[in-house]
Ligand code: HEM
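Below you'll find only one chain, the form predicted alone, shown as structure tokens.
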Amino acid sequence: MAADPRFIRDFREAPDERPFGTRSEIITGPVSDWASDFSHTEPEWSADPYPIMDDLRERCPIARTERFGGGWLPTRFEDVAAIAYDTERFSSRAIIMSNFRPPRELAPVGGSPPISSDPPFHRDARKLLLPAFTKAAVSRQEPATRAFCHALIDDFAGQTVVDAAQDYAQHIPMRVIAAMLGFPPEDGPRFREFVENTLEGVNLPPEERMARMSALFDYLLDQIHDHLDHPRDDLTSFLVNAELYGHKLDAGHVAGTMALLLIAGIDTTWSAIGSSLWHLARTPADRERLVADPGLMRTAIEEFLRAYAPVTMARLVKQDMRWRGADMRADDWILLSFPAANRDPAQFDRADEVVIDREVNRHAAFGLGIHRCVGSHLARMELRVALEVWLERVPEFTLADPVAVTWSAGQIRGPRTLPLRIG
């Protein structure tokens, strides 16, 4: 079926319509005081943010920074939850804290709907995606995911040291998301580049950041063109043909949603799998319990998600106000740290411990409020299958060199190098 020329034209014009927002001053460098000068992009935060979060929660539960043009960091569960549920005073039109603020006119749709959308548009944009992420839809992907995990382990069979982040964890969500969107599986290395550019390049000069983001959208537009000319049964073809309010989705909506699924669908799960393997490598008692009793996997997965929640989301203050003692200005950033909320001792017993048989575990790893992760069933399936296959095939493993483990910077945290000694 030939593509509608007008539709093709809309997509080809989309790159010129992408709003990158206005520039704020770029501030990097050592932190003087985390309560008044925090930065989630500094090395010490990436290496181990939990002591910093604990300290802030005790002495300054809502930290302040002038970096990125000004922002706030709540560290208590109740404050994170209150902001996440409050769509009247906090906007989701930007969810990556950086040196750019998208223009207010971008609301309520945002650049990557539905995660960047405000009510009432958010509800309808989210409903479009729900059928693809039900438990039933996700279960149909489990056999292929399990087979792929086995194939990855086959590839490094016989090695004594394996980088579990680069040789295992990252490839699983790349393959799953590529299959869902109908992208070539061999494009995996490009996906990693897109992820790192989007989430870890927030301090780059504006021109370079825009160029890197343009590369992502150019790739997505190429995929859209291919699906227009060669429709098939995948999520990209669905989005291209979907309608909202009696009209097909505009080019920006389709490309933005695809960017969301590609970036968030890969990095969050990659990080969760890597963090879980890191914990098991350094905690032999938990590893041995899971190998001996696979029935513990359900509670263990939820505990890994709580203790090592990979995701932090941003919001923007809608107007000047005083909120719980903080004088917030319009367009100040709010950094919603779900990892900090999940370590709050007021919300969780033994909050700083990993308890793999924890039964009551209402964590915030998938977010809170209307923006709770639409792909939570998919992420849980990938994490469970990845760990089940690894423990079946590699029941004994330790950290080959704890100092060699590196962690991603920015709002998604997980191991980027994870050398494990196996066998």
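The first residue of the shown sequence is 1; numbering continues from there. Every value quoted in this text rests on a predicted model; they were computed, and no experiment measured them.
As for the form predicted together with this ligand, it is not shown, yet the points below apply to it.
4.5 Å heavy atom contact, T236 and this ligand in the predicted bound form: Close contact is absent here: in the predicted bound form, T236 is far from this ligand, nothing within 4.5 Å, heavy atoms only.
Exercise: M313 in contact with this ligand in the predicted bound form, heavy atom 4.5 Å: Residue-level check for M313: yes, a contact with this ligand.
Contact label in the predicted bound form: A272 to this ligand, heavy atom within 4.5 Å: A272 belongs to the contact set for this ligand.
4.5 Å heavy atom contact, F133 and this ligand in the predicted bound form: Yes - in the predicted bound form, heavy atoms of F133 and this ligand come within 4.5 Å of each other.
Partner-proximal stretch of 220-228, 143-151, 118-126, 322-330 relative to this ligand in the predicted bound form, 4.5 angstroms, heavy atom: Stretch with heavy atoms near the partner: 118-126.
Position in contact with this ligand when the complex is considered in the predicted bound form, options V394, V31, A35, C373, heavy atoms within 4.5 Å: It is C373 that has a heavy atom within 4.5 Å of the partner.
Interface residue in the predicted bound form among T268, S98, T75, Q170, criterion: non-hydrogen atom within 4.5 angstroms of this ligand: Here the answer is residue option T268.
Output flag, F338, F366 and A379 jointly within 4.5 Å of this ligand in the predicted bound form, heavy atom basis: So, yes: the whole triplet contacts this ligand.
Within 4.5 Å of this ligand in the predicted bound form: residues from 142-177 (heavy atom criterion): Residue within 4.5 Å: I177 only.
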